[in-house]
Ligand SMILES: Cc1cc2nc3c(=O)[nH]c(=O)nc-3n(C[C@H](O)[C@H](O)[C@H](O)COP(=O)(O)OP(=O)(O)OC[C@H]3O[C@@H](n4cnc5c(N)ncnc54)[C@H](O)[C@@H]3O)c2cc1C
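Below sits a lone chain in structure tokens, taken as the form predicted alone.
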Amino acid sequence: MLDDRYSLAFELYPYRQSPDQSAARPVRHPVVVVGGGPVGLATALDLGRQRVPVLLLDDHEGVGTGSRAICFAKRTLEIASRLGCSGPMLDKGVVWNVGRVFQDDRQVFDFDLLPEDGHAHPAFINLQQPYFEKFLFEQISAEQARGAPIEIRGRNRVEAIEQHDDHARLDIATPDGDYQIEAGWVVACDGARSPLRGMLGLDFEGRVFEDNFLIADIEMTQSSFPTERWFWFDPWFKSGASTLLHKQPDNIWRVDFQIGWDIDRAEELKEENIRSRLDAMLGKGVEYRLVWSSIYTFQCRRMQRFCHNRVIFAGDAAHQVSPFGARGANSGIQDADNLGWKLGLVVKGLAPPQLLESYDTERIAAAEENILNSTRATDFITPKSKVSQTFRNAVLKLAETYPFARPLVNSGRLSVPCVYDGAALNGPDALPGGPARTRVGSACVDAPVGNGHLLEHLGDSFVLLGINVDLPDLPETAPIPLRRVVFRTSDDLSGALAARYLGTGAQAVYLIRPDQHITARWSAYDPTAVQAALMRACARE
């Protein structure tokens, strides 16, 4: 249900005929991205910034219809910053770091997701998904004006796909009839119901949860709720077995009610029944306007493999998790971050196609981690037996008083980047006493340097980062670009860079991938070791 007075539908790429539709034979494109959601847009943007020609096909003419995903994590914002568009997201989004957990009418405990200083981005922002997509599209438009070879075609629906050794052929339906194109690579970002996945006869493996959650987005100009994440177990207002509350931009509040499995969906979606739940929660006399509602079930499942010959799956098309922990869209953006630089090198001929196998293994590991955390959260939120219910309630009671019990409370372990421990692309971890949080395989941790922050200096390419160490002439790394970035203790006025990156010694050297994951680190500069680690990271050994 959607109130027409509150519409987040943006017509961004209206249908236009393309020359491909009248071509004598199917035109071949290096990369075709299917799906104009956040993952598809981010993938196209990343490839276009590398000057890799990319065509995005979407069966709509823009973004919108309800707020959908709203919680975007720090790592997602850092990726958006690398792509050039985190500024408007931060300007529009509602920033939050603090969450509170309640049982009945009692606060169990609170937590701060970013208790330390020295980061350019907050732990989370709340921002309706259509805005997030709109800002990605606006950055695509800006990159197009600078010559980035990105094309988006609205109302171009993929109807069939046929794979060959070196390309895929796509049948596309438009308002003016059908046509065909070819693609060197296809990136399937077409959502949880992924038509492409079905066309290839592929499916998910995993678990479906028998529960339903009612979403209600309401507009409240007067509210006593702070800008925090609030979660209730067994709430006193009895509107659901659990309830989640978040503030969004435009005075919109998201409320999720857990309403059970055996329900009449049509009955639950009637406005008077939604209002009955909201009134019990908010109290009499609170004025609000219901602007959007929906019911969702969820599953924790993934494809067995994400790479299938010339078709690569990303985001919800590849894996699905429960919404608790904000792991859906955030994980999908990390898929795009992982895939973009690898596919770019392969298309340019700078790396072998085998490099894409690392996307499969690394992002499957991330999906498994997210599924594990989501499954545990869901089992805690919705106990399946009296014994589980008793255990959960005992944990909540103990957590009110005893800190040891609080890590056991699971209202959704919130999204953090996966560490690619033991990944095939990893080089040596040769920094004695090196901090665990910046070990090989981890995403770089931000830190203040000079008048800015570390991550903004890393950019889109491989970087050799030196801390208190000279980096003279770089090793021969052709054809892979390698930049050097050097900081000294005098640039680190807060001491955060040293604390987060130095080991027991006074200097360090880091080799960092284009997705800002650490691929090797040393206590001293050795050009031969750097060259070997770089070639390994590009599957060019």
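All of these numbers come straight from a predicted model, not from anything done at the bench. Start at 1 with the first residue shown and count on from there.
The same protein also has a form predicted in complex with the ligand, omitted here; what follows describes it.
Out of 301-309, 379-387, 364-372, 325-333, where are the residues with a heavy atom within 4.5 Å of the ligand in the predicted complex? Selected range: 325-333.
Is Gly48 close to the ligand in the predicted complex, meaning a heavy atom pair under 4.5 Å apart or at it? No, no contact at 4.5 Å.
In the predicted complex, Gly191 touching the ligand (heavy atom, 4.5 Å): Gly191: yes, in contact with the ligand in the predicted complex.
The ligand contact in the predicted complex: Ala44, any heavy atom under 4.5 Å: Ala44: no, not in contact with the ligand in the predicted complex.
Counting only non-hydrogen atoms and a 4.5 angstroms cut-off, does Val54 reach the ligand in the predicted complex? Close contact is absent here: in the predicted complex, Val54 is far from the ligand, nothing within 4.5 Å, heavy atoms only.
Check each of Ile215, Met89, Ala123, Val416 and return the one that places a heavy atom within 4.5 angstroms of the ligand in the predicted complex. None of the other options qualify; the answer is Ile215.
Here the chain is shown alone; which of Pro195, Pro130, Pro448, Gly427 has a heavy atom within 4.5 Å of the ligand in the predicted complex? Looking at the other structure, the residue within range turns out to be Pro195.
What residues in 23-49 sit within 4.5 Å of the ligand in the predicted complex, counting heavy atoms only? The stretch 23-49, when checked against the ligand in the predicted complex, contributes Val34, Gly35, Gly36, Gly37, Pro38, Val39, Gly40 at the 4.5 Å heavy-atom cut-off.
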